[in-house]
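Coming up is one lone chain in structure tokens, specifically the form predicted on its own.
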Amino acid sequence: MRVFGVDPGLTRCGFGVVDGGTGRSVSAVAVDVIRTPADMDLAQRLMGISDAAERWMDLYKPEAVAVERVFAQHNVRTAMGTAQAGGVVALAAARRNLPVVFHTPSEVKAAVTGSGRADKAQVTGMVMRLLKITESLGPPDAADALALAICHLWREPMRVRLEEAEARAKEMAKVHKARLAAAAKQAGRR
């Protein structure tokens, strides 16, 4: 499976494409950081991020898109810009009928390093080790995008299986409840 990981941001937006193989094997396909000037109009910045995301999706043909979920930041303005950048990427993916999954930073850190409290250096180090990258990845946004893709490759199959098991259990409970009601009704006729 090929996953397009996105670490959203207005000034720096990390893009990374990773292929997943058998087991937990992963390999890097592409990585970059898309930049937009802080003095540019917000709509133009978002369009630049959207255009870049669309080019990447058309070029690399991912099967899924993993975006970092914005869940809390002290600076509301930064959080809004980050969420807007993630939103335009999700929209571009939706236009291509690609599934989009949002992962929290702690989920990504835990998947890649084993600790949800890992710092940027630990995440970057593990991403480089897992993907056998020897040259610098540049800003942390690049490593974070790759980490998102890896997280998705490793966590999503389990999440889907769990969701399917919950749906089956819910259906079985419904059938069981109907049988109990029918048995009670039958017993009431005697």
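Bear in mind the structure is a predicted one, so any value in this text is a computation, not a measurement. Numbering starts at 1 and runs along the sequence shown.
Beyond what is shown, the protein has a form predicted together with a further copy of the same chain; the following relates to that form.
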(message) Counting heavy atoms only and using a 4.5 Å cut-off, do Leu153, Pro157 and Val160 all touch a further copy of the same chain in the predicted complex?
(response) no
(message) Counting any non-hydrogen atom inside 4.5 Å, which residue from Leu59, Ala43, Ala38, Ala121 sits next to a further copy of the same chain in the predicted complex?
(response) Ala43
(message) Please tell me whether any heavy atom belonging to Glu54 falls inside 4.5 Å of a heavy atom of a further copy of the same chain, as the geometry stands in the predicted complex.
(response) yes
(request) Indicate whether Ala110 is a 4.5 Å heavy atom neighbour of a further copy of the same chain in the predicted complex. (result) no
(message) Whether Gln84 contacts a further copy of the same chain in the predicted complex should be assessed with a 4.5 Å heavy atom distance threshold; does it?
(response) yes
(request) Although a further copy of the same chain is absent from this view, report whether Arg117 comes within 4.5 Å of it in the predicted complex, heavy atoms only. (result) no
(request) Choose from 30 to 38, 125 to 133, 141 to 149, 63 to 71 the stretch whose residues reach within 4.5 Å of a further copy of the same chain in the predicted complex, heavy atoms counted. (result) 63 to 71
(request) Can you tell me which bits of 92 to 112 touch a further copy of the same chain in the predicted complex, meaning any heavy atom within 4.5 Å? (result) Ala94, Arg95, Val100, Phe102
